[in-house]
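Shown here is one chain on its own, the form predicted on its own, set out as structure tokens.
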Amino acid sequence: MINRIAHRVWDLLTSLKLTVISMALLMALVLLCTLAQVELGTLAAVNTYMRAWIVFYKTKAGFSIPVFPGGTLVGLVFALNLMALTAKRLGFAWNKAGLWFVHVGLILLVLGEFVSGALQVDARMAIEEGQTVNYVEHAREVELAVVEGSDPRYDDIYGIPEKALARGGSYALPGTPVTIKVKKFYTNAVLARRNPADPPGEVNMGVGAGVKVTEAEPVSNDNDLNRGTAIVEALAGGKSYGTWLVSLELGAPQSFTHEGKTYALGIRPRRTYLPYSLHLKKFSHDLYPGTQIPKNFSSLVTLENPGTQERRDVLIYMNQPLRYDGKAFYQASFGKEDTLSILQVVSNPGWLLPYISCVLVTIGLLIHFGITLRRSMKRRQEALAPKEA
């Protein structure tokens, strides 16, 4: 029974029909993803169609139903199909070496997308001229930051990530007597001044006491960001320091003092701190003469890594990123009258796989064409040999 099932699975995996169906589904997904970008934006469309196991349709009643296989599922089946076909049909004869290279290259190309979808992390680093930064920000994720700055040499920063805020509950800050109790969290919210007719809110401290919060639908468009908002209670030493409203929309600093130490509360894009820093020496924004058409963006930065005693200047410009510590720093944008540089920071462990795939496919095609040409010339010589005799 088990052998019969295994045989049927093997026949299915080595079927050319499965290859054609997988490629057709992938083309359909590319079309659907492209059309969906108009409404969802690039990132949301890719996550919905290409990097999902199943594509779901959300009904008006609020529940979702599966309607199409996602790119991850189709890609996995396609990769298994290619591996099975390669093992069954090519064999290990030397005259099939070129085809082996081609098939392995294609398999690596599919696996590269799996690695990128699962492990790639996109962030950004904003630096003003003369500023030194040792962290990157994840613009589509927020965190509740609690900053204690009693030491003039540095600030102690404690972060509660968005996923923890969404779960709610109480979070004790390590090494401090402070506990933050998350009462409510809104992925996206609209803030407005509270009117006298509005019912009383639970926020009783800081600028949020006069603010009305209305939950909003999360956004997915590439140019829009969710306004993460939370209502939290600060506790320390068995005492409550009130309920606070923290949001990306609130620019005013909010803080409380416990035993001589001041703790500032705020929502900000989630940060990842690095063991090295970049110092922006100069940002250049060049235009074509007589026009406002950008010619070049470039950032001259100083990379300093105390752990390796490394200090050097690097020029980051269009299509020429800084690759360091498994990350690529691309010149992405600018601001503040050309004094602010915004770098796109991409961490992708599988970034080399597409290049390796292309090299293998190219080598494979050259080998295959070479073997075919040699075989053809040999046959022609054999055909002409009797006539010459």
Partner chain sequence: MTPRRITALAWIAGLAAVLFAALAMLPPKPARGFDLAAFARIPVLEGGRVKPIDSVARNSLLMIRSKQSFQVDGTLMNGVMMGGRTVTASEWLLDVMFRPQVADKQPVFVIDDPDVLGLIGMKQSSNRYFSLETLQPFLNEIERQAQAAQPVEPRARSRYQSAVANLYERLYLYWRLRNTVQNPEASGGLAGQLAGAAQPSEAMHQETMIQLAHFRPLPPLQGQSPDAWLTVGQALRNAAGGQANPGLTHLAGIASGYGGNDPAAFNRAVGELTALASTARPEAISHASHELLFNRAQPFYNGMIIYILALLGIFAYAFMLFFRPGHWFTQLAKEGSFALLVAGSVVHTAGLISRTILQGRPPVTNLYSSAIFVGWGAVILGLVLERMYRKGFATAVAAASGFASLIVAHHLSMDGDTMEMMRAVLDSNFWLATHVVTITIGYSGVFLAGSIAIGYTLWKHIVKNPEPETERALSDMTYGVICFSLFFSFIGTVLGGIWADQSWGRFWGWDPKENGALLIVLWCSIILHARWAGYARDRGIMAMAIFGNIVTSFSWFGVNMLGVGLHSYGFMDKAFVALILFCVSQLVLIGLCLLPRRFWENSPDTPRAKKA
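Positions refer to the first chain, counted from 1. Each form is matched to the other, and the largest set of C-alpha atoms that superpose within 1.5 Å is called the rigid core. What you see is a predicted model; the values in this text were computed from it and never measured.
Here the subject shifts to the form predicted in complex with its partner chain, a form of this protein not shown in this document.
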| query | finding |
| --- | --- |
| Contact test, all of 147, 238 and 276, partner its partner chain in the model of the complex, heavy atom 4.5 Å | no |
| Listed range touching its partner chain, judged in the model of the complex by heavy atoms within 4.5 Å, from 135 to 143, 157 to 165, 249 to 257, 311 to 319 | 311 to 319 |
| Candidate from 304, 129, 233, 113 lying within 4.5 Å of its partner chain in the model of the complex - any heavy atom | 113 |
| Selected contact from 44, 55, 342, 346, since only one has a non-hydrogen atom within 4.5 angstroms of its partner chain in the model of the complex | 346 |
| Its partner chain contact at residue 61 in the model of the complex, heavy atom, 4.5 Å | no |
| In the model of the complex, residue 93 touching its partner chain (heavy atom, 4.5 Å) | no |
| 4.5 Å heavy atom contact, residue 37 to its partner chain in the model of the complex | yes |
| Residue 195, heavy atom within 4.5 angstroms of its partner chain in the model of the complex | no |
| Contact set, 269 to 291 vs its partner chain in the model of the complex - heavy atom within 4.5 angstroms | 288, 289, 290, 291 |
| Per-residue C-alpha change between the shown form and the other one, residue 23, threshold 2 Å, rigid core fit | no |
| Flag for residue 371, CA shift 2 Å or larger between the shown form and the other one after aligning core | yes |
